[in-house]
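Take a look at this single chain in structure tokens; it is the form predicted on its own.
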Amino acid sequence: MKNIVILISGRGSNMEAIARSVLPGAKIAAVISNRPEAKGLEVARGLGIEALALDHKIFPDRESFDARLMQEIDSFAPDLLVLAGYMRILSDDFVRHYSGRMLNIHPSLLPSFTGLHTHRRALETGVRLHGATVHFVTPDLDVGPIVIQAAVPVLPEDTEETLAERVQAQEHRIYPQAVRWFVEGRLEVDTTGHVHVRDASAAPDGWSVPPVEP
């Protein structure tokens, strides 16, 4: 049985999507937030998952907080660490500690629009396609090996809110899929940093870049 720990900072909608998906051979051992008021903690508890908060504001710096957070995470012996709306930049030591076993989801089609305000920037740039990306986490922000992406069209009448809503619906599809592939031991990263999924066609929703929604 593989243990999964999920980090959140807010409502945890991707955490909930993963928790409600079928993950044979795995369990979500804990959900941890850096914000005690995060609504996702109650969501997790309602799903029967151990949930706890570690307030980053009481620590003098990022490194001391990350060191304490690692202790909390490692107490659950995780095979996989999932960032699901975790809104903090991680220290290099933290990232190295979980190298190869930490996933993140970003609301854009990476490498486009790294960082914040992705939907606004997509609209301002005038791109016709936008979406979401699940990737392995590396010390460089939002540039780790890409596991899976989903694309949606950018419509003429879109606002940040409407675009974000359609992208998030795709996030809730592809993040559980990426976690499932990891749990099943089907993800391989080659020497060029490209991710390969063994026998992807045999999995439900087994696509790397799904068709654009109509």
Ligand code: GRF
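Numbering starts at 1 and runs along the sequence shown. Quick caveat: nothing in here was measured; it's all calculated off a predicted structure.
The same protein also has a form predicted in complex with the named molecule, omitted here; what follows describes it.
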(request) Would you point out which of 88-96, 121-129, 67-75, 101-109 contains residues with a non-hydrogen atom within 4.5 Å of the named molecule in the model of the complex? (result) 101-109
(message) Is it the case that A84, even though its partner is missing from this view, gets within 4.5 Å of the named molecule in the model of the complex, heavy atoms only?
(response) yes
(message) Does any part of S13 reach within 4.5 Å of the named molecule in the model of the complex? Heavy atoms only, please.
(response) yes
(message) Given that the named molecule is not shown alongside this chain, does Q168 nevertheless sit within 4.5 Å of it in the model of the complex, heavy atom to heavy atom?
(response) yes
